[in-house]
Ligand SMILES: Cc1ncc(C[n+]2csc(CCOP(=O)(O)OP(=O)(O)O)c2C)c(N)n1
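Here you get one chain, nothing else, as structure tokens; it is the form predicted on its own.
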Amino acid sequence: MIDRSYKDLLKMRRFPHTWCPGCGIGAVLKNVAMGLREMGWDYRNTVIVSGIGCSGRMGGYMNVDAVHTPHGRPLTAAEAIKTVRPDLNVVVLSGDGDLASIGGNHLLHTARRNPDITVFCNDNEIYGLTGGQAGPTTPKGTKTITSPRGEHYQPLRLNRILTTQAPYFYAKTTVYHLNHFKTCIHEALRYKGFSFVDIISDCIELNGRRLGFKTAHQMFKWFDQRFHIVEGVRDHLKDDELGIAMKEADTLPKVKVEVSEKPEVSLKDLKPFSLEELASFDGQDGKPIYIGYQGKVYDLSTSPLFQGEKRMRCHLGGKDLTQEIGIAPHGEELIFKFPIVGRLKE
């Protein structure tokens, strides 16, 4: 008997949906719902976040709390929800145009921060909602209404971008490779951290027919020709590979820094300077530059602050700058680098 309990996670009263016949988004919605059901995720512990576009409508058909964000902002909303309510399971359902174009900057930095959210990207390689314009993942040479002679630019390859810095979980699959598709969903939902599933999908009406396909099935077979499944978990995936790329955080070797402690200098052993004597060491006529600070005299002759032809800061030389350095940012850090040559007379 077929288990249809996943329908509890769908608002069946809103069906039939608004997507075109043959659209791959329906397969994404159904299989994500099935994956959530198997995980025990429902309206009590899960929230769906979506963006703008045909794919962004998926959240409206889910029987859980859902947030519909402005264009390109589902990741920011999802990360905020997870930060405030870490007990919730947060899932993003959106498309390649929303996530990789206007939302591309958020994608980079959300992945870098590695929040525990799962993203399912319906990657149909086109802007479907607005008529079939070339999008960020449209293959080069594809004819669209904005590239009638063929898309001029190389596509944005999410598999390369999202696997540059560990930790990461990136899976690539298609709506045609059903068993592989389900495996990627389950593994992404189980992963603790930022997981991204790039689902190559079809938009038969506004992309496929312009490419010469008469039916969605013909477009599915094209996916089978373009891609092949690789077994096991890899560090990276090639452009024509379907699989899972995962890597834990890089552990950098700890560098032990040897700090040599300078012996404490006794004030009694230092040469005493009166303020009048200190004033003569102002850097003029080849003299060194001495500075008084907290009863000690420092030789700042090698400081880059006093170098150059004009030696503009030499007016500071030969003075007790205890008060000035005490209120200056990082003042002490600058002084303590230089040798002590004496002490101020009381």
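When you see a residue number, it is the position in the sequence shown, counting from 1. Keep in mind it's a predicted model, so treat the numbers as computed, not measured.
Omitted here: the form predicted in complex with the named molecule. The next part is about that form.
The candidate site formed by C184, D198 and G243 is entirely out of contact with the named molecule in the predicted complex, as no residue has a non-hydrogen atom within 4.5 angstroms of it.
Interface residue remark: I25 is counted as part of the site for the named molecule in the predicted complex, having a heavy atom within 4.5 Å. Heavy atoms of G53 reach within 4.5 Å of the named molecule in the predicted complex, making it an interface residue. At a distance threshold of 4.5 angstroms between non-hydrogen atoms, G103 is out of contact with the named molecule in the predicted complex. Using a 4.5 Å cutoff between non-hydrogen atoms, L237 does not count as a contact of the named molecule in the predicted complex. L129 is the sole member of L189, I81, L158, L129 with a non-hydrogen atom lying within 4.5 angstroms of the named molecule in the predicted complex.
In summary, the region of this chain contacting the named molecule in the predicted complex, judged by heavy atoms within 4.5 Å and restricted to 107 to 115, 144 to 152, 91 to 99, 168 to 176, corresponds to 91 to 99.
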